[in-house]
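Below you will find one chain, with nothing else, as structure tokens; this is the form predicted on its own, and questions on how it binds or moves follow later.
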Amino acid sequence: MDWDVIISYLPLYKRAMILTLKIGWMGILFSVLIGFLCAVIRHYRVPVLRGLAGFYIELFRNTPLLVQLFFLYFALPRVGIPMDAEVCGVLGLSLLGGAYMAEAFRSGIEAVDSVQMESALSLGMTRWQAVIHVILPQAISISVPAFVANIIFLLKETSVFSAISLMDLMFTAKDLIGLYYRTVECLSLLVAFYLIILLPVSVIGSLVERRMRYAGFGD
């Protein structure tokens, strides 16, 4: 292990980490929005849209992200839809994540007892007021463990972005190994930087989950 080599590579890995975080968190943000919308559509059986949401979820949950990225980056330009690599990364992660987030949110909504809706309606709320102010807060609380697990999963999935020539952490490690054959140093830095990204998410997620669980017990 050559520490001088590791120190000299740090700026490259830092730039790659910034790009990985940028694309990763943008993809996660959009995946939450997509997943939330699909969960509401499927649970409340919105005509036509329910079937489309179900098809989308099954399609993206049952195909690898790498295949989806290849389709977006290499196939779409063939039909006149060119796409930048970063846009492709964000879109691919958003669509994959949206499918997983939808199921996490839907399971949370279905876990809320139906008596909650009945109670809200009996107090004079409209159905949508009850959904927004009573059902969804409880559903989101229940979904926190799956939500955090999906965030970690999506951040790890950014490792396939190197396949579409994005200078992320995996691309940087592979490039340096190919150029200088410093396999141990490069892979050690790769592991260290992924830990820097993922460990805080795991710890914060556990704290949020514990706090929400205690708050639920307090009610």
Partner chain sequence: MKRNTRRIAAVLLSVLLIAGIFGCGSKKEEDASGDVFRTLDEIKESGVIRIGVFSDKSPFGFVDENGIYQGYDVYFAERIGADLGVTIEYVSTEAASRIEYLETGKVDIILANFTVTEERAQVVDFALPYMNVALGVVSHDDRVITDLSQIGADDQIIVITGTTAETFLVKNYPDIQLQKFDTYAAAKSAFENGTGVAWANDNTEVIAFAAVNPGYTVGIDFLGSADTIAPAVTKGNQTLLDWLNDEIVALGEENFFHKDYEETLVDTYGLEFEDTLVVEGGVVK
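Since the structure is predicted, the reported quantities are computational estimates derived from the model, not experimental observations. Residue numbers count along the first chain shown, from 1.
Below: the form predicted together with the partner chain, not depicted.
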query	finding
Among 172 to 180, 52 to 60, 149 to 157, 28 to 36, the region lying within 4.5 Å of the partner chain in the predicted complex by heavy atom distance	172 to 180
Interface membership of residue 100, the partner chain in the predicted complex, 4.5 Å heavy atom rule	no
Residue 137: touches the partner chain in the predicted complex, heavy atom cutoff 4.5 angstroms	no
Residue 164: touches the partner chain in the predicted complex, heavy atom cutoff 4.5 angstroms	yes
The partner chain contact in the predicted complex: residue 195, any heavy atom under 4.5 Å	yes
Sequence-ordered residues of 192 to 206 touching the partner chain in the predicted complex, heavy atom within 4.5 Å	195, 199, 203, 206
